[in-house]
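The chain below stands alone and is given in structure tokens; this is the form predicted on its own.
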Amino acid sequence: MGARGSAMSHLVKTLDEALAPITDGCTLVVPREVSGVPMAATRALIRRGVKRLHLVALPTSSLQADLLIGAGCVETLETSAVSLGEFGPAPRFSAAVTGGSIAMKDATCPALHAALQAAEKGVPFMPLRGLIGSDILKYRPDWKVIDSPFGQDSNKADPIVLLPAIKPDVALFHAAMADRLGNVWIGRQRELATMAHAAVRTVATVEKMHDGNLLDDPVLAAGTLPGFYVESIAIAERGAWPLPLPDYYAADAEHLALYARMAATAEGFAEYLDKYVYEKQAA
């Protein structure tokens, strides 16, 4: 290992050490359910008892958000959807919204991407036209509708929506591999780069460490997030389970169906946490 490799090897930490920047009350951005969801990290955060998260799911979520909400970790959720897909509604999310135990900031997929891109570019807002005419504007007073200063016809109104930048405290995701320089291979999941660019810090869990420098590899370099965006890395084999890691393993449909059944009630959800998160196996 070269001198720079020795200097950067401190980026590789235990899971709990890597997750230290995710503190109570922080804004945490996580990816959609098929882009490398850090489920091992999610269970570790629940075990630690993190509270009052402002969770941004880019642009949707499934099991991860449902678990964090059910475990009492989330104060505010900003996303365009939470669902277990073919396994039905997300039960703890649904209960929290109807019961008023979390604040919901409804969004759309393009709006979330645009707001993260604003932070990525270092600008305070991003314009987006597609929201005009949608009822969602009634519920987002932080989204401002203005007349475009560049309207082609000065005699005709040309409204456009301004979305405030979302600059998360931490971006958290799971990927296939990283090297000891902090470079993380994200492959085709380019929204992970947007998350990392926008956030103050990025924490990644990975399946394995790559020998050498990913950016030196002509095949892998184009799909690599450079290490200067990454705060810390932890190895977590099958760290997306029971969700999929694209191109590596599929979702565990049997386990997701089990979760949907157990989490349908508060009692069943508590039993699920004991068995699969706190790992208190039933006698």
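Numbering starts at 1 and follows the sequence shown. Keep in mind the model is a prediction, meaning the values are calculated, not measured.
The same protein also has a form predicted together with another copy of the chain, omitted here; what follows describes it.
Could you tell me if V219 has a non-hydrogen atom within 4.5 Å of another copy of the chain in the predicted bound form? Output for V219 is yes: heavy atoms within 4.5 Å of another copy of the chain.
Contact between A178 and another copy of the chain in the predicted bound form at 4.5 Å, heavy atoms? Outside the cut-off, so no.
Just to confirm, W185 within 4.5 Å of another copy of the chain in the predicted bound form by heavy atoms? W185: yes, in contact with another copy of the chain in the predicted bound form.
Is I235 part of the interface with another copy of the chain in the predicted bound form - any heavy atom within 4.5 Å? Output for I235 is no: heavy atoms all beyond 4.5 Å of another copy of the chain.
Name the residue from C73, L172, V206, L163 that puts a heavy atom within 4.5 Å of another copy of the chain in the predicted bound form. Filtering the options by heavy-atom distance leaves L163.
Any idea which of 219-227, 63-71, 49-57, 249-257 reaches within 4.5 Å of another copy of the chain in the predicted bound form, heavy atoms considered? After filtering at 4.5 Å, what remains is 219-227.
Going by heavy atoms, what in 97-134 lies within 4.5 angstroms of another copy of the chain in the predicted bound form? A114, Q117, K121, G122, V123, P124, F125, M126, P127, L128, R129 sit within 4.5 Å of the partner.
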